[in-house]
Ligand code: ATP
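As structure tokens, one chain now follows by itself in the form predicted alone.
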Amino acid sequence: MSEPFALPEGVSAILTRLRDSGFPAFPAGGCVRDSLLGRRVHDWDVATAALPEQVTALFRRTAATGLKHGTVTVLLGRLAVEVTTFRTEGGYTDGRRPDSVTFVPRLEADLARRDFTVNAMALGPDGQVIDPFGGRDDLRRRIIRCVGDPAARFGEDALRLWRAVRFSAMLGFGIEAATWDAMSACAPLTARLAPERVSAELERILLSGAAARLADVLPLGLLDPLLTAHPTFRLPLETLKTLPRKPETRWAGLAALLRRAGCLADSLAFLRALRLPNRVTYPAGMGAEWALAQPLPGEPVGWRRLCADRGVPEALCAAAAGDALAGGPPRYVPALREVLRPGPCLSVKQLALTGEHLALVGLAGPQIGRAQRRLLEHVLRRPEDNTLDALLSLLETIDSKNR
């Protein structure tokens, strides 16, 4: 485990400005965790005794991104750093948001409200790690453990159940026994969560490369509010790690596996219930259903026909779902990619012989559409014939047959 590396210049400048103005300030949370692990830090967060209005007064460019919870985003060049006032939180009536937020002068009180020990550390002015809850030891032990009473932490915000899974997958850590037991007891609380919050966490897990971690936690019931039946056996979710990183392909694979396990009545309905964007929902849901309903193509012409009929995104999702269902090394996605590599003609718009050409040779109205469909069917079988001369010759053959 590495010691913290040098802070970005902009972060150091923010800390210096706050401290020189009399406000204690510390990098805190995930940036400290990732620094200690030697991981790339994507987002730097600063915790400070300064109130939001004091932070705003100290810096020329700021954005009020979370004033209610004490957060101001400070902008320095291309760097955006969330600066948040030390706070405690009181009551979680809806199991999601604190009923009240109280700004406090001490860092330790702020760290005590956080979810997991590995996220409850800060970096002091001399580079020392401030770690009141044993986060560094948990990094060494490679475990996710709640700060304080895990049932209380999950009762405050049920999304922390999913966050535990996400950090476990992302870091390759196990989940500490008492935290795991509390997850099992608190799983019904996930019914309170907005679908968008669940899908955001699930997407991060699916794209983490460790989606198989879901197979361990789904039996707890975390996803039950969105399923039609509880999974009764371990799903082979490890196959999802071999799918393309496109979100829609991972969702197609997950939906197909859940559907085959009898946990879903309809893949598309499940993905819509998660409130995913339409550009993801439709190809993933339809692709999963296609792969479940019939054999996937075994020949290039079959893949070209599928792409022409359903579109490339849906065909890719069907291939990904097929690979997830089959297990083992991927075969459908590589086969489709090989078909797509030379840029085949997959629609009448891509034909070398256009509608204008067809009009010039005397076709009109419905005749043009019929001719284009026939030409496309030929090109799907023989993509090398998608040239103007070849299609004109083929058109003459089609006309002579129709006379």
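Each residue number is its position in the shown sequence, starting from 1. Between two forms, the rigid core is defined as the largest C-alpha subset superposing within 1.5 Å. Everything numeric here is computed off the predicted structure, so don't read it as measured data.
Not pictured, yet referred to below: the form predicted in complex with adenosine-5'-triphosphate (ATP).
Q: Asn119: heavy atom within 4.5 Å of adenosine-5'-triphosphate (ATP) in the predicted complex?
A: Asn119: yes, in contact with adenosine-5'-triphosphate (ATP) in the predicted complex.
Q: Verify the contact flag for Leu107: yes if a non-hydrogen atom of it lies within 4.5 Å of a non-hydrogen atom of adenosine-5'-triphosphate (ATP) in the predicted complex, no if not.
A: No.
Q: Although adenosine-5'-triphosphate (ATP) is absent from this view, report whether Glu248 comes within 4.5 Å of it in the predicted complex, heavy atoms only.
A: Answer no; every heavy atom of Glu248 is more than 4.5 Å from adenosine-5'-triphosphate (ATP) in the predicted complex.
Q: Considering non-hydrogen atoms and a 4.5 Å limit, does adenosine-5'-triphosphate (ATP) approach Arg163 in the predicted complex?
A: Residue-level check for Arg163: yes, a contact with adenosine-5'-triphosphate (ATP).
Q: Please pick, from Arg204, Arg136, Arg260, Arg310, the one residue with any non-hydrogen atom lying within 4.5 angstroms of adenosine-5'-triphosphate (ATP) in the predicted complex.
A: Checked against the cut-off, the match is Arg204.
Q: Please tell me which of Tyr332, Phe167, Trp303, Phe270 lies within 4.5 Å of adenosine-5'-triphosphate (ATP) in the predicted complex, judged by heavy atoms.
A: Checked against the cut-off, the match is Phe167.
Q: Exactly one stretch in 364-372, 349-357, 34-42, 57-65 has heavy atoms within 4.5 Å of adenosine-5'-triphosphate (ATP) in the predicted complex; which is it?
A: Heavy-atom contact with the partner occurs in 34-42.
Q: Only counting heavy atoms and a 4.5 Å limit, does any residue of 135-157 reach adenosine-5'-triphosphate (ATP) in the predicted complex, and if so which ones?
A: Result: Asp157 alone.
Q: Return yes or no for Thr71: a CA shift of at least 2 Å between this form and the one not shown, with the rigid core superposed?
A: Comparing the forms between this form and the one not shown, which are aligned on their rigid core, Thr71 does shift its C-alpha by 2 Å or more.
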